[in-house]
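Form predicted alone, single chain, as structure tokens, below.
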């Protein structure tokens, strides 16, 4: 007996029909949406969402990049500040050097003016040291025998008489100042020609000794060298009388305190007067 082929059931046809209808409807819907532009807002929303996600992802990296750039800028600023500070310090040093040179030139000009008016020729020297002993007033200068300087030559500075040379080597000399307790200078009061001896009194300055009581001595009188000691030429400015007293009752002489005109503690350059007989040798 021959077999008949199985017949398709009506149930399968019924199940396929809804699927075909769904596909057709979906296709029509897509075509309709595309033609009417309904998809545009959805596309824009999708792009906005994507942009926000990218912003969230890359924003921390952008901030880190900005912070790093700011740090590099700060480092550069600090380096520039250090360079500027170094340049400023150099300029300040140069200004200080120029100012010192200007002040020294002014002092030297004053010495040269004194040199031109001095009775003897002179040699300019620099003060390079002071005696450390508190009871002495001695300085060292950078000129000696090779410059024609010898013992007992007068030494001047801005203002007036500073002292005399007490030691001399080839390149250096020592100068005893007026205020040294061993210093002695023949002097007189310019106003009335009263004579005496200038003696050193250390930090108190000097005094004019051996002026008899009753001689008219007034505060402010000018005291100059008398030239009678054979060491200092006549007429060099010594100082001004700053106080006058009767002295002891048993003493024949009055007490006359003198303030040196020379700036004893500030001398940096000096003028050593060369005695004519020493210069001619």
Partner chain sequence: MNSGHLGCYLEKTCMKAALVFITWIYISLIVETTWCVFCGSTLLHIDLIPALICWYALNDRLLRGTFWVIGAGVLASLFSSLKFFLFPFSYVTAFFTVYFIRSNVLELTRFHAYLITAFISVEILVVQLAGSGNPELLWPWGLIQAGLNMAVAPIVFWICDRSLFILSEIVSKFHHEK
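The structure displayed is predicted, hence computed values, not measured ones. Positions refer to the first chain, counted from 1.
The same protein also has a form predicted in complex with the partner chain, omitted here; what follows describes it.
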field: Heavy atom within 4.5 Å of the partner chain in the model of the complex - residue from 92, 167, 73, 142
entry: 167
- prompt: Of 127, 118, 194, 197, which residue is found within 4.5 angstroms of the partner chain in the model of the complex when only non-hydrogen atoms are counted?
  reply: 127
- request: Using a 4.5 Å heavy atom cut-off, indicate which stretch of 151-159, 77-85, 207-215, 173-181 touches the partner chain in the model of the complex.
  value: 173-181
- prompt: Should residue 138 be classed as touching the partner chain in the model of the complex when contacts are defined as heavy atoms within 4.5 Å?
  reply: yes
query: Listed by sequence position, which residues of 238-274 have a non-hydrogen atom within 4.5 angstroms of the partner chain in the model of the complex?
result: 265
